[in-house]
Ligand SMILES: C[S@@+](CC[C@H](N)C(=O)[O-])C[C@H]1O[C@@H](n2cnc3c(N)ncnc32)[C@H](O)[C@@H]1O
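Just the one chain here, the form predicted on its own, laid out as C-alpha cells.
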C-alpha cells in the first residue's frame, strides 16, 4: 500500500484518491502487474492517475483514458490514448469499443452520477475479457443528497447492484429462475468502502449450481425445524400441561394451524428486523 501511495504522490500531474483505495487496489489488481493488458480509466481529469497506473502495471500495459473535457487530449503526448466523450451516452461506448475491442479492466472514476455509472456498466460488460474487472469508484454518491446526486434513491448505482446480485443468485436452482446473460457473465461482486468490484468471466462458464450430499443414508434421521420454531415452542408448552399430544389429534392440528408461520409471529420478526435496521442507520 505504501509503495502505491508513493506512486500516486510522485505523479507529475494532479489527481485525487481516497486513502483507503490504495490498499484495495494493491490486493485486487496485483495479478495484472507486468501483464499485457488493456486498462481503461473513465474520468482522468488532469491525468495524474494515469501516470500512477502506468508505473503500477508496468511497461506492458496499454492505458486508455476517457474524459468529457477535450483538454485531456493533451495527455496523449505522454503516451496515453485519450477518448473524449460522455460516459452517459450509449453511442459513445458503442463507438469506443468498436475502435478498441475487448479490454481487461474498466475503472469508472467519472462523474459518479447514477446514469453515468449504470450506463458505463451496461454498455461495457460484454466487452470485458475473461478474468477482467469493472471497478466503480466513489460509490458513496449512491447515498449523497447534495452536489446533484439526489440519493439515496431506487435509481442509485448501489440499488442497481442489487439486481446484479439477484441475477447471480439465479444460478441456484432453488430460485427456479432462468439464467440470463448477467447470471452467466458476472463471477462475483465485491463491495468495499466506496468501491464496487465486479469480476467478469466467460458467458458459458457459470451454470446452475449442483446440490451435493454426503451420508445420504442418514438424512432421514434429522428433522428440519427452520419453519417450525413458533409451532414447536408452543406445542412443548401445551405438552407440559396436557402431556404428549399426538400428531393425529385435533389439538395438534389446531396448534399447528394457529402457530405455524402465522401473522402474529411474522409481525414480531419484522419488528425485530426493523430494530436492527434502525441501529444500522444510526
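These numbers were taken from a predicted model, which means no experiment stands behind them. Numbering follows the first chain given and starts at 1.
One more form of this protein should be noted, the form predicted together with this ligand, which is absent from this view; the next part is about it.
Asker: Would you confirm whether the three residues 105, 131 and 199 all fall within 4.5 Å of this ligand in the model of the complex, going by non-hydrogen atoms?
Answerer: No residue of the spot touches this ligand in the model of the complex.
Asker: Even though this ligand is not shown here, does residue 14 get within 4.5 Å of it in the model of the complex, heavy atoms only?
Answerer: Taking the distances in the model of the complex, the answer for residue 14 is yes, it comes within 4.5 Å of this ligand.
Asker: At the 4.5 Å heavy atom threshold, is residue 40 in contact with this ligand in the model of the complex?
Answerer: Although this ligand is absent here, residue 40 would stay clear of it in the model of the complex, with no heavy atoms inside 4.5 Å.
Asker: Taking heavy atoms only, is residue 85 within 4.5 angstroms of this ligand in the model of the complex?
Answerer: Looking in the model of the complex, residue contacts with this ligand include residue 85, since a heavy atom lies within 4.5 Å.
Asker: Contact with this ligand in the model of the complex for residue 68, defined as at least one heavy atom pair within 4.5 Å: yes or no?
Answerer: Flag for residue 68 set to yes.
Asker: So which stretch, 28-36, 231-239, 42-50, 245-253, is the one near this ligand in the model of the complex (non-hydrogen atoms, 4.5 Å)?
Answerer: Within 4.5 Å of the partner lies stretch 42-50.
Asker: Can you pick out, from 142, 124, 116, 183, the residue that has a heavy atom within 4.5 Å of this ligand in the model of the complex?
Answerer: Flagged contact: 116.
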